[in-house]
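Next up: just one chain, as structure tokens, the form predicted on its own.
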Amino acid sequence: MSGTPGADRQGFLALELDGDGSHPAAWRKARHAPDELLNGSRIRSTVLAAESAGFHVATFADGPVGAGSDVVGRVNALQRAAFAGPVTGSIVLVPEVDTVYTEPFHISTQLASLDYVSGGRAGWLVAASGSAEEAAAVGRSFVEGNALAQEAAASVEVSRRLWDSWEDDAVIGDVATGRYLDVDKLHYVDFETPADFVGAGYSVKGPSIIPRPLQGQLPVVAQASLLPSSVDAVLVSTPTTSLLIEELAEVRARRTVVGGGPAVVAELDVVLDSRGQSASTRLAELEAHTPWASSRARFVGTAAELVDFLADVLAVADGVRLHPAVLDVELEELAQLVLPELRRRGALKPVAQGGTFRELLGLGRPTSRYASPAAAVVGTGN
């Protein structure tokens, strides 16, 4: 999936596109009318700006708006990604989808549909809600602790099986005989949660209701603390930038010991100097309204300093996901000053028009687990 750590390695950059930015007071500095936050024009403009800047991946956070928030609502992450699919051509679209209070069958079919509308540029950012408010909203019992990881792992396994439940050539579309499907190439997944499952157990019969995704299997991304394995990319967070490279190196070393493993992606909050105002001053103004509680490392400084830091991070990580304090402000600086310099230094992978997320991660297209051995073509990755 990636080579030996070093300065000659090339990585990818992802950008979180939720709302007005990752800082809770970001809306106060946004450069658009308030009502645009909940309509398609805002989604289109931000994702196209990220794609034009040369970002490889766009992620879309999800979840309920917190109590006391100044923002009144948000559009579902899968809906935002689906809207962005047809209007983009190279950027990968990775929505955050909860695994605790969302039905696994629906997750798998919606993500497969996203893969189709994006031309194979879809992924899945796995989340597991430990919120009592979310549980109450859907009439479910509250899930916490070890149960969150179990819920996430089960949902991923169900989705993977459902994506494989149609073999690649299951659709025959024979007009002469009126046959659309070869029913012998559709398969029951027969999933049941294990006996030690902490939450409410369930079973899924299958098969899926739509054909196999274009990528065969969508890449699955998750926080290392939630799903350290059985994923295609792990997100690594540390409380400070000084610890980030060290932690990334440790994660990669553990991956090497077991003979490979998921891509390693660093998480980083970003506040930059902009239009003559220092990053620290900008952050102080935002913090005066609402404190920014984040478990991620935070970079506060100039674009040139960020370039140097990202170059060091990309020497040990496969990619970095940036969380801009104020999307409109940080994206402008990133597009003009950061990505062009990183590309000049050779630190970034080329942007592939029409490429897939699996290709970006260095993964082959896997054969359905249910295909007959004679039809199987060996792939790599999950």
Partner chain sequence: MTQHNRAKFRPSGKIQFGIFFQGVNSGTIWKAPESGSQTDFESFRRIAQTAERGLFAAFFLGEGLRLREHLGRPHALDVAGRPDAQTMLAALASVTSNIGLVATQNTTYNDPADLAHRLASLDVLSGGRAAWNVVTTDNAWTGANFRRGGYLDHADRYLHAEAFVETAKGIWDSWEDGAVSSSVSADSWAVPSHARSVHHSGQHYSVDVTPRLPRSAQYRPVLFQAGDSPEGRDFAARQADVIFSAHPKFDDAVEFRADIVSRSLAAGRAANDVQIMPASEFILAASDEEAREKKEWVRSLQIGPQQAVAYLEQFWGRELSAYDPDGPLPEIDPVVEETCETRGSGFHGAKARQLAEQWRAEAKEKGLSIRQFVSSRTARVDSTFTGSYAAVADTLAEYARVGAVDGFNISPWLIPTGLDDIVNHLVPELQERGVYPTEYVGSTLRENLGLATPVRAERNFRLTRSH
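Numbering follows the first chain given and starts at 1. Quick caveat: nothing in here was measured; it's all calculated off a predicted structure.
Not on display, but discussed next: the form predicted in complex with its partner chain.
Colleague: Would you say all of F299, L322 and G346 touch its partner chain in the predicted complex, counting a heavy atom within 4.5 Å as a touch?
Modeller: Verified in the predicted complex; spot residues all out of contact, no.
Colleague: Among 208 to 216, 246 to 254, 232 to 240, 305 to 313, which stretch has residues with heavy atoms no more than 4.5 Å from its partner chain in the predicted complex?
Modeller: Partner-contacting stretch among the options: 208 to 216.
Colleague: Only one of A279, V220, V75, L148 gets a heavy atom within 4.5 Å of its partner chain in the predicted complex. Which one?
Modeller: After the contact test, the surviving option is V75.
Colleague: Give me the residue from L286, A127, V204, A153 that has a heavy atom within 4.5 Å of its partner chain in the predicted complex.
Modeller: Contact check passes for V204.
Colleague: Although the partner isn't part of this model, could you tell me whether A82 comes within 4.5 Å of its partner chain in the predicted complex, counting any heavy atom of the residue?
Modeller: Contact with its partner chain, yes.
Colleague: State yes or no: in the predicted complex, is some non-hydrogen atom of P340 no more than 4.5 angstroms from a non-hydrogen atom of its partner chain?
Modeller: Contact check for P340: no, nothing within 4.5 Å of its partner chain in the predicted complex.
Colleague: Is it the case that S113, even though its partner is missing from this view, gets within 4.5 Å of its partner chain in the predicted complex, heavy atoms only?
Modeller: Residue-level check for S113: yes, a contact with its partner chain.
Colleague: I'd like to check something about W163: if you look in the predicted complex, is any of its heavy atoms closer than or equal to 4.5 Å to a heavy atom of its partner chain?
Modeller: Because no heavy atom of W163 falls inside 4.5 Å of its partner chain in the predicted complex, the answer is no.
Colleague: Considering only 86 to 103, what residues come within 4.5 Å of its partner chain in the predicted complex, judged by heavy atoms?
Modeller: Counting only heavy atoms within 4.5 Å of its partner chain in the predicted complex, the contacting residues of 86 to 103 are P86, V87, T99, V100, Y101, T102, E103.
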